[in-house]
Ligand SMILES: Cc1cc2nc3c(=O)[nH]c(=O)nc-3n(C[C@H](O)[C@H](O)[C@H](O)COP(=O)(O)OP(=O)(O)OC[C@H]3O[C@@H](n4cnc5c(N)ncnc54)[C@H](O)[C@@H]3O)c2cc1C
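Take a look at this one chain, the form predicted alone, written out in structure tokens.
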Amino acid sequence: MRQRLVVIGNGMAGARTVEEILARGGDFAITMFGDEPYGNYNRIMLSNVLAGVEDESGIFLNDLSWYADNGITLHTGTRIERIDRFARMVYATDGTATPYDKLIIATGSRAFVPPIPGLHRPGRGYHQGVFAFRTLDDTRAMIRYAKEHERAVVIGGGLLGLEAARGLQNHLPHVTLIHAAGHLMNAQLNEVAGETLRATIERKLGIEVVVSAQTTEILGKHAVTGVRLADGRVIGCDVVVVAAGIRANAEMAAASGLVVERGIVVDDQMRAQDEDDIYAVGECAQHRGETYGLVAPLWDQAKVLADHLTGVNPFAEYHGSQVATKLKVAGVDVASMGLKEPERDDDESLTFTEPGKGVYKNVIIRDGRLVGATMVGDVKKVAFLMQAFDRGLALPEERAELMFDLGGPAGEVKVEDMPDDEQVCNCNGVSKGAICSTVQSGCKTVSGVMDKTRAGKGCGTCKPIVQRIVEWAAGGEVEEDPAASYYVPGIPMPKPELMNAIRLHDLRSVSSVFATLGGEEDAKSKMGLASLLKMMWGGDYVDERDARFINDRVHANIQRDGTFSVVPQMKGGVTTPAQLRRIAEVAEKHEVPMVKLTGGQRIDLLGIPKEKLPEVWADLDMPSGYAYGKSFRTVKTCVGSDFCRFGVGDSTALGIALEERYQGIEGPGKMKLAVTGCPRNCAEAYVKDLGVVAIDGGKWEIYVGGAAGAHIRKGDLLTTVDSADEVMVLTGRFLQYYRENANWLERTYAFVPRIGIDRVREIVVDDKDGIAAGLDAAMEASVAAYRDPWKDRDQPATPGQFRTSLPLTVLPQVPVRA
């Protein structure tokens, strides 16, 4: 009988340990428990999500299918409250009990929130406008709130606080960082280095930094209005982010009788003190008096524990980690390892500073060995320094060569000189040997190696050396990644070639495409193919429900609690008293938890259970607003020339006409449109996928490729036309060209720059390729095939289309606001 391995914690440490166990062929029946309702994600990347440079989907290390594929029973959103060490059982807050033979505790850490008056409100948790920064939910909440406010204060000048401050700048205009210590990153940097970092951040990023400042009170009765410091200063703000460090999540372990100090005390095999079969890894573990908050020690611990548990090396031991980090902190290169200041009289110390350029370098040498180094603003020599620090390499006689290229060690360590076990990607614990092994197994593209090993998928600072290693390991024969040109990853064909093959073989369903063309069936590819086939065949497309995402199957947008949002169509953002009364009556009848105006000038009914969707649609008796799919969404308009004294064009009428024409049109990505009646741009047409702007003389400007979400881009001017009729023709032609040539999930803000606006203009406006008539005809066919998807309420596509597989919890969970 297989041994039962239970892992408490589904974060980076727990999942990585399980990965290491699986890689060694460990034969366990594995059960994992995680507090959060997701798969395993890279917590380090939350700062990138906050900064808008990374999509949430890009930070997940293992999605839910990974657990199923590996036979792992995963309980998400489930907290373990107690361990019975004698009965060998764990008890969850949902009342379930799970037996174990081996138990791993990987509960990680939580944000440390100092006891500052005003941070909390009795019975409400954090005060309105106060956030911690530790989880994906924290990040989402922070983004949502920050976008509607002006000034933020970040409490904490460590790595996390700096990243939070940098990320918040993307959502509001004023950010102040308050740090209690005398200089930034005082745990890693000495005073001069911290001051150099502060000056750079203030000068280059415009973040105000206040050091030696103790926050004594959060101000504001109903919401945050400011913070008070110990010296009496008050800093006005409407958002407060607490990033003052972390603490090990070890209370449950302590309550269960395990030995806990700063963390769960473990031995060199990561075994909890006085326990035979209970282990701890990651930030919740305390080894030889140390707890670690960086990922590199976590990877080391996971390997040792996996070796031990699987029997690959029953005597494997963890002896602690030398902490060396190279990071981009709030956009500034920083590296730190070992000592930050000399400790002995005979320690050698070399320092170079160039404050005007924000550069600080310092190395500390003891007995001819590097025992510490700090670099801010210039990390060219850090690769050699990290090797020297980690392996005790001999140092050059000319010590200055440790900081500068003076004929000594090269600025970049030669790849061939790097040992196989040298860690290249600190974020994901990937060594040079792992990269080389992947190349030798046949993967010779840089992106392919990165996908397989995750090297370079963290902070990204190691990408250049990953590329060099791949090039070296491939003998200089790195292959261009053909997958970069595929429409979907599962079918190895560029989009034009794929469309030709679909037409040639008359393929009208996703399954027939895979059956005829081969390829690897995966969810992402299925959804992309379903969209493409519907675009190509219109009403003759054969719909297969398993090829569609849940939103497309039930024609509504799934929410975090499993309920759905319902957005009825309001063409051009125009409604009537009768429609508003009907929406209000439906909201009351079905006790809709939240009614919300959208950014696209629509009304969103949030918190609708799946099984109630048909009834809500029937009561509304309005068409779908398509606020859920990769498709045409809305046309936002201003009031135009009928009412506005500045309007020079009837934007409302044109917006309604555009929405009537393109309703339900599917595409590779969302298509958001706007029409504005004058260049004042009240409808934000310049930052839409397609925007139309009325100008003097009865003319209209057409812009394409704009965005104002996570990516911000002003659209390119496609052309100026003399009539609304020309707008209708050219917008349809552009949208069809985009639909036929963009890769799956490629929005216009990426598509237009990739093709080039001049080339787009040649095709769409000038018809240089002679395909305009074909594009117009294809769009016309799609328009003619429109059918309101909410008609499914009368005749569901499948018996279970609106049958709930939830709730796992009482629904709805969306908060009600008066």
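No experiment lies behind these values; they were computed from the predicted model shown. Throughout, we count residues from 1 along the sequence that is shown.
In what follows, reference is made to the form predicted in complex with the ligand, a form of this protein that is not presented.
Student: In the model of the complex, is there a heavy atom of the ligand that lies within 4.5 Å of any heavy atom of residue 33, even though the partner is absent here?
Tutor: Taking the distances in the model of the complex, the answer for residue 33 is yes, it comes within 4.5 Å of the ligand.
Student: Find out whether any non-hydrogen atom of residue 8 is located within 4.5 angstroms of the ligand in the model of the complex, and reply yes or no.
Tutor: Residue 8: yes, in contact with the ligand in the model of the complex.
Student: Hey, in the model of the complex, does residue 46 get a heavy atom within 4.5 angstroms of the ligand?
Tutor: Heavy-atom contact with the ligand at 4.5 Å: present for residue 46.
Student: Is there a heavy atom of residue 134 no more than 4.5 Å from a heavy atom of the ligand in the model of the complex?
Tutor: Yes.
Student: Tell me, out of 249, 423, 291, 190, which residue has a non-hydrogen atom within 4.5 angstroms of the ligand in the model of the complex.
Tutor: Selected residue: 249.
Student: Taking the ligand in the model of the complex as the reference, which of 724, 365, 327, 466 has a non-hydrogen atom within 4.5 Å?
Tutor: Result of the distance check: 327.
Student: Residues in which of 344-352, 368-376, 165-173, 104-112 have heavy atoms within 4.5 Å of the ligand in the model of the complex?
Tutor: After filtering at 4.5 Å, what remains is 104-112.
Student: Taking only heavy atoms into account, state which residues of 69-107 are within 4.5 Å of the ligand in the model of the complex, ordered by sequence.
Tutor: Heavy-atom contacts within 4.5 Å come from 78, 79, 80, 106, 107.
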